[in-house]
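Here you get one chain, nothing else, as structure tokens; it is the form predicted alone.
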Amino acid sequence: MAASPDLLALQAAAIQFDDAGTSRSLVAARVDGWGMSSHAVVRLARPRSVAGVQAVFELAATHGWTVGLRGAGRSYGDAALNEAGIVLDFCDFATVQWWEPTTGHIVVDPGVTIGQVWQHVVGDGWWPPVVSGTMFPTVAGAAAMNIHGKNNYKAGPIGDWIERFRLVTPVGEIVDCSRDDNADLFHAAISGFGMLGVMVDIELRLKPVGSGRVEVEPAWAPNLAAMFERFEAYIGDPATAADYCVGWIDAFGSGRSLGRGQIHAAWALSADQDPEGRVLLDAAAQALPDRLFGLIPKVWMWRLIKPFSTPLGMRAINLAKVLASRFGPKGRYRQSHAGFHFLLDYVPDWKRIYEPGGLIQFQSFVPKETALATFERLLRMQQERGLVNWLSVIKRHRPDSFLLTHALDGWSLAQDFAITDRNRVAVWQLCQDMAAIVVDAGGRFYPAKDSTLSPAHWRASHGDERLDAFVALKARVDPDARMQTNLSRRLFRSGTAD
């Protein structure tokens, strides 16, 4: 039986592990999901080396504890939580081991963040090929979740750019993984949300950039059908296709305005196209501004927005963005790579507008044939129930070869829901009902963002063959089911978790 959180606090202080000759302690701590709507009391370990990881696995086996992984803690829900078990935090295992600017290959420890990667390489004219909307996730966490960016339809997920890694399994073995060596583990650990082992010595292939800027074109879409049509116009022709494309949706729009919003398409610029942009190939030049509009300190922004963190207030904010998108300046403009990609980092601690209950994100991936009708149905359902999400983002995707991939030839819709004591049960039920619609449409889900998915919907979205193959691989490298999280216990009621 798992120790209670109260007993855990007494036990953890006396337990140590050896990290390459250095004694380190487990620490009892409350750990929150990034969305602040879920938390767990855990035994927190911060190894600094492969030997430290192996020592924690050995300690866990001795005491019968489970082990979960936590990179930078950017997963919205319970993916990095492991109630009453050990959580490996990699913030101290974070060195860029090797960088070769002539080939664009980099080797990093698991705790190195996407931000640390681009800051290390941009001065040599390189950029990460796939990034999330924030620069703070770790490379290992990004690989485990197989993150996608605004260019998934063109570049695929981050896994397509990983050359190799070593996997430290829960029994302490170190396995070399690539497309040629242990290819089954390679394709399962990438997308396997940390359930097969710890990725170390991760080699990532980057992409060259000739300018520190991209050229951005905004476009207004009066409804969701127009959003789909204009999106495809930006990416449909290979000769002129945008390198990146993302859409924002006002979820409060209804009737003929259902799904209205704004698209931002962007093209990478060569040195010849943008000679002035070459000076921005510098980490300091790419840094996001400390003030918004040159006036307001960014650290103030969430406090200024907080009074509007009600359904009525968010309806007003969304309407203001609609008006600015529809009637504001038109035409292309140029923006730094960091400025375009890391929009979520412009306002530090923006998630705090959702306090005290936090937020969850429901992100669904639906085939192109059924996506439009499915997303319209999801938007109408939440409006009918009075549970409209406050932020919606739409992207286009392509399939990939990873075992538990969320991507497919279709579209994704990410929706952020505010959680309160009064609406928690209703929001969870809404997400269950939306998940059923997504499954019926042939869709999938994203563990990095999930908080509510049921094991039935998870299995239906992937099918027995894929999940059974994953369970078999896990039994091979983790025969005692040592690696678990709150998420894995929720999604797998047998095989990998129990």
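Don't overthink the numbering: it's just position in the shown sequence, from 1. None of these values were measured; they are calculated from a predicted model.
Keep in mind that the form predicted in complex with a small molecule is missing from the display, and what follows is about it.
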{"property": "Contact of residue 71 with the small molecule in the model of the complex (heavy atom, 4.5 Å)", "result": "yes"}
{"property": "Close approach of residue 401 to the small molecule in the model of the complex, 4.5 Å, heavy atom", "result": "no"}
{"property": "Touches the small molecule in the model of the complex: residue 259 (any heavy atom, 4.5 Å)", "result": "no"}
{"property": "4.5 angstroms heavy atom contact with the small molecule in the model of the complex for residue 134", "result": "yes"}
{"property": "Option from 467 to 475, 41 to 49, 440 to 448, 56 to 64 whose residues, in the model of the complex, bring a heavy atom within 4.5 Å of the small molecule", "result": "440 to 448"}
{"property": "Residue (of 253, 277, 110, 358) lying close to the small molecule in the model of the complex, criterion heavy atoms within 4.5 Å", "result": "110"}
{"property": "Proximity to the small molecule in the model of the complex, single hit among 413, 86, 140, 371 (heavy atom within 4.5 Å)", "result": "140"}
